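So this first bit is one chain, no partners, the form predicted alone, shown in structure tokens.
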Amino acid sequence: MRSAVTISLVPQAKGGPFVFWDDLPNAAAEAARLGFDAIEIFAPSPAVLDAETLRKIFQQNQLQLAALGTGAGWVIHKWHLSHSDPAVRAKAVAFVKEMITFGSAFGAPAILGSMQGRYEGAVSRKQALSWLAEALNVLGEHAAACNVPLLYEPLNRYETNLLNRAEDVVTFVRSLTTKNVKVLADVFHLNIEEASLPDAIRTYGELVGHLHFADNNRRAVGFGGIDYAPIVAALREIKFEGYVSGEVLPWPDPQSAARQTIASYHKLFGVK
């Protein structure tokens, strides 16, 4: 398991759960100084990320790209994969494809979270899930061609009404024709939906490809009330080897949140 920390480059997402904001070079330098292995980037689009500049930043700081978020497609454009308009769904798929392609040059997967959307109006849950499955099959195979997995992030009931519980997510992901979709287990969301966080991790099992490391109040782990020891034990049971990424509020400030995240990671995972 390796550590990562989040940075957002999306002005429209201000107030969201990202440790660092706006200044990618300085965020990378601070992450490296604190001992993180990687950074997870939430960007408006691949067009704002210059690959050569990014490669230099990673080399200078001995960091990796853990993952690339796609949520800006929803935050900025209101595109999602369950939309009633096929043109909107097509734009959502194209946007995620671009993110997958860009991230794959760094060996990093794309995250599909808020762009899964929700069912509403005349769209039934069954129809929305059918559209979501269709899109994930296309995107999963595109990611496979790029030699990376696609990370699907189940969200809590307040953010989507499609799939919230581990049992339902596993059934859905295993029903896909693509076998290249992994689950991003976000402990903040799990804490809202699951009776037992360790059991939810065990339910996901080998599907877990990435972990969002947050406390129950979306602050850094240790600034809230979750007992992480049983969760870490469950991750070891399923032989999780992905990134443990701090997607948390920059509370009380980015540096403090980052320091607390890496300190908790070292304490819980026994990594120095």
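Keep in mind that what you see is a predicted model, and the values were worked out from it rather than measured. Numbering starts at 1 and follows the sequence shown.
There is also a form predicted together with L-Erythrulose; it is not shown, and the following applies to it.
Visitor: So which of 113, 140, 73, 109 reaches within 4.5 angstroms of L-Erythrulose in the predicted complex, heavy atom to heavy atom?
Guide: In short, 113.
Visitor: Could you work out which of 155, 176, 146, 170 is the residue within 4.5 angstroms of L-Erythrulose in the predicted complex, going by heavy atoms?
Guide: By the 4.5 Å heavy-atom cutoff, the listed residue in contact is 155.
Visitor: Does L-Erythrulose come within 4.5 Å of any heavy atom of residue 159 in the predicted complex?
Guide: Judged by the heavy-atom cut-off of 4.5 Å, residue 159 is in contact with L-Erythrulose in the predicted complex.
Visitor: Does residue 218 reach L-Erythrulose in the predicted complex if we count a contact as any heavy atom within 4.5 Å?
Guide: Yes - in the predicted complex, heavy atoms of residue 218 and L-Erythrulose come within 4.5 Å of each other.
Visitor: Considering only heavy atoms, tell me if residue 189 and L-Erythrulose come within 4.5 Å of each other in the predicted complex.
Guide: Result yes; residue 189 sits at the interface with L-Erythrulose in the predicted complex.
Visitor: Which one of these stretches, 50-58, 210-218, 22-30, 230-238, sits within 4.5 Å of L-Erythrulose in the predicted complex when only heavy atoms are counted?
Guide: One stretch meets the cut-off, namely 210-218.
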